[in-house]
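Provided below as C-alpha cells are two forms of one protein chain, presented individually as structure 1 and structure 2.
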Structure 1
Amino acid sequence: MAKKKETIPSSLLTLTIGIAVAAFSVWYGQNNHLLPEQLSSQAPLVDDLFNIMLCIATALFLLVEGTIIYTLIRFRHRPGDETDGEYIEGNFSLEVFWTAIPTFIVIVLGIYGVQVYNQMGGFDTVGQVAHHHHQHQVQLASLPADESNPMLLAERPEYGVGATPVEGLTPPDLEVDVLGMQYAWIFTYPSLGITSGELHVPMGQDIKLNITAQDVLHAFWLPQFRLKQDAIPGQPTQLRFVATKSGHYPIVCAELCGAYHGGMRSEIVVHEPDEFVTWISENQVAQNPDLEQAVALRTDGDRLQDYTTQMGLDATTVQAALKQP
C-alpha cells in the first residue's frame, strides 16, 4: 500500500503567509524613505498617516499579486488537458469578506485623516473665526454690504491649515502676506515694511501665512513642510506652521495656472533667530525710501573697509566725502 504524501495544513500555510506579509508591510511602511526631509512640526503627523496607508497598500499589493501569480502557475493549462474548468457558482461569504475589509479600512483611515487635519489646525473655528469676529465686529457692522469692500474681504473666514482652537486665540510670532500671480510669489511683511520675492522665516517660531491670488487659482506648496494651500482670488486662505531646521527649501505652485506654471517657483529661507534679525535690518535699510539715509546706513562700520583699503583711502577721507552736499 502506497504511503500517503504528507502536506502542510492549509490553515498553517495561510497563517504563515499572513504573518510574513504583515511583517514585511509594517517594516516597509516605516522604512520606505519615499518622503523628503521633515522640516515643520506638522510634518510628522502627515508622515505617520502616509506610512500607515503605505503599510496597508503594501499588504494588499502582496496578497492580490501573490494570489494572481499562484493562480497562473497552479491552474495553468497543461498539455493534453481538454476538459472544461470547474464550474463555480459563487461564494456569498467570500464576497461579504472582501467587501467588509476594504470598507473598514477606508472608514478607519478617514477618521484618522480627519484627526490629523484637526491636529494640524484645519478646523480652527474657535481660534481664527471667533478671534476675527471679536476684534472687528464693530467696524464690520458699520460697513456697507459691498462684496468689493476690502475690509469685508479681509474679514471673511480663512480656510487652510491654521492653528488648533486654543492656539488660534494666540497671535503668531510672525505674519506674512503671500500673493500669487502669474507667475511669481510676492511676500509682504506688514509689521516690518519689507516686500520680498523669497519667504524668509525664523526657525522655531509660529509663522502665519495669509495667502491670496491676484489673477487665477494657484497652490502654495512647501514639500518639506508637508503643507499645501490653494491661493484663491477673492478668498483668503492661510497656513500656520513652525519650521524646525534652518536652510533653503523650494516653494512650488502645485496648481496648473497657465503656460509658465512650471516656472512659478520660489524659495523659503529658514534662518536662525539671530540671523533673521540681521536679515530684517538689512532689508529694512535696502527698502528705505530715504535714499540718503539708506546709503549712510549701508556704508557705516566695516562694510567698505576692504574697498577703501584697496583704493588707498582712510576712514577720515570716507567720512568727509559722505558729509559733502
Structure 2
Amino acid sequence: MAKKKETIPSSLLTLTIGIAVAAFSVWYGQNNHLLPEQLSSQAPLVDDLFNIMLCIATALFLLVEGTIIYTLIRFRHRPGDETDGEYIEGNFSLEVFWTAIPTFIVIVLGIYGVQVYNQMGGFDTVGQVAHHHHQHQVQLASLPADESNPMLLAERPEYGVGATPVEGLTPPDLEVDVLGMQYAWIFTYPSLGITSGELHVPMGQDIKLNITAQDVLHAFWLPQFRLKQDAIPGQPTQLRFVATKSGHYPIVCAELCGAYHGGMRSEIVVHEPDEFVTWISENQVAQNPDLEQAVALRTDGDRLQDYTTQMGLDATTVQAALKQP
C-alpha cells in the first residue's frame, strides 16, 4: 500500500496528512456551531459528547473520502490498458486493524455515552417510583387495568430523565404537571394552584416535569435544553432539569400527533428567581375567582403587552385602541 514517491518518503506524507486531518477535526468538533444555545445543566454534557463524536466522525470522513478520491484518480483506467489490477485477495493484518480500531472507538464511545446519560439523570428510576408514585395514583386510577391491579401501579417505573446522581433522592424545588393534547401543552403547578399554556420556571432551581398525554402520543422537546421525552397516554414520564439562563425559548412537539402537529408549539419562560415570584403572585391572583382583584393588578395595556409586541404594535397605538369605547 506504500506510495512510490521518489523524493519524499510516503510515511512522511502520511504523517503530515494525518496531523492535518486530526487538527482540522479537533477544531471542527469544537467549533461547529450546529447546536443551539445551552440552557440546562444537561446541555453542556450532551454537547461535549456530540462534539467528540463529530470530531471522530470528521476525521474518519476525511480519511475515507480522501482515500476514495485519491484512489479514483491514481488508479483510473488508462486507455489501451486491458490488463487487470494486481491479484490481491486480502491482507489479514490490515483487516484485523480496521476491525479493531472501529470496535475500540465504538466501545469507548458507548461507555462515554452511557456515562453522560447517567450524569444527565437517565438512570435514577428506582428512587423516583417510591418518591412520586402517589401523584400518579390519581391519574392512573381512572384506568380500569390499574384499578384491578394495584401491584402494577406500585411497580411501574417512571421513564425519562430524572434526578442526577448528585441530586439523588432530594425532592425537586418545583414540580409541574405537563399534559399533552392535540395540539397544545397544558402546564399545571399543583403546589401553586396555577394552570398555564406556557411553562414558567425559575432559573437555577431543580424543576421536575411530570408528563402525560390525554389523547395520542406527543413528545415534549426543549431544543435548547437538549431534553426530549414522549408524552404517553396511560404512562407517566418525567424530565428533570435546572435552567441556567433566563429568557423565552421554544417548546416543540416532536412526535407526529395529527394534522396540526407542526403547530403544537409553546414557550418556556425562564425567570430570574424574584421575577418568578412576581409571576406566581400575578397568576395566582389572575386565576382567583375574585375577578375585580385580578383586573386591578394589571392594566389592560400591561396584560396585552406580550401579544401587542408580537403583533408589532407600539405602546401608543395600544393606548389609543384601548381608549376607544
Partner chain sequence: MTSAQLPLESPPATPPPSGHHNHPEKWEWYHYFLYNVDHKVIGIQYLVTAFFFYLVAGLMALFMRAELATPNPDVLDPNVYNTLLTNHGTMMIFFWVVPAAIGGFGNYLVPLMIGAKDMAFPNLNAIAFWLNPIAGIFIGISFYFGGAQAGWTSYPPLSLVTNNLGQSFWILTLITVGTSSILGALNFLVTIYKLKIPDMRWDELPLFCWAMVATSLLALFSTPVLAIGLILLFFDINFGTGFFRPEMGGDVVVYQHLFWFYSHPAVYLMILPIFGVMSEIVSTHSRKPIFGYKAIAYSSLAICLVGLVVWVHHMFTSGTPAWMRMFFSIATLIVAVPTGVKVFSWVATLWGGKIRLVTPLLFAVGLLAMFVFGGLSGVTLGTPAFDLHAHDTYYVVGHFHYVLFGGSVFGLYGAIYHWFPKITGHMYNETLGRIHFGLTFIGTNLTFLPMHNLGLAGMPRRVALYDPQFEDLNKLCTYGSMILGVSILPFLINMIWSWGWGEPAPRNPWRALTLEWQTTSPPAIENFDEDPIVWAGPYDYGIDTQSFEEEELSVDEMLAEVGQEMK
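Remember, it's a predicted structure, so these values are computed and weren't measured experimentally. Here, rigid core means the biggest group of C-alpha atoms that superpose within 1.5 Å across both forms. Numbers given to residues start at 1 and step along the sequence of structure 1.
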> For this pair of chain forms, which number matches the form predicted together with the partner chain?
Replying inline: 2
>> Rigid core aligned, does the Cα position of S191 differ by 2 Å or more between structures 1 and 2?
In response: no
>> Could you check, with the core superposed, whether the Cα atom of H248 shifts 2 Å or more between structures 1 and 2?
In response: no
> Rigid-core fit: what Cα movement does Y87 have between structures 1 and 2, in Å to one decimal?
Replying inline: 3.3
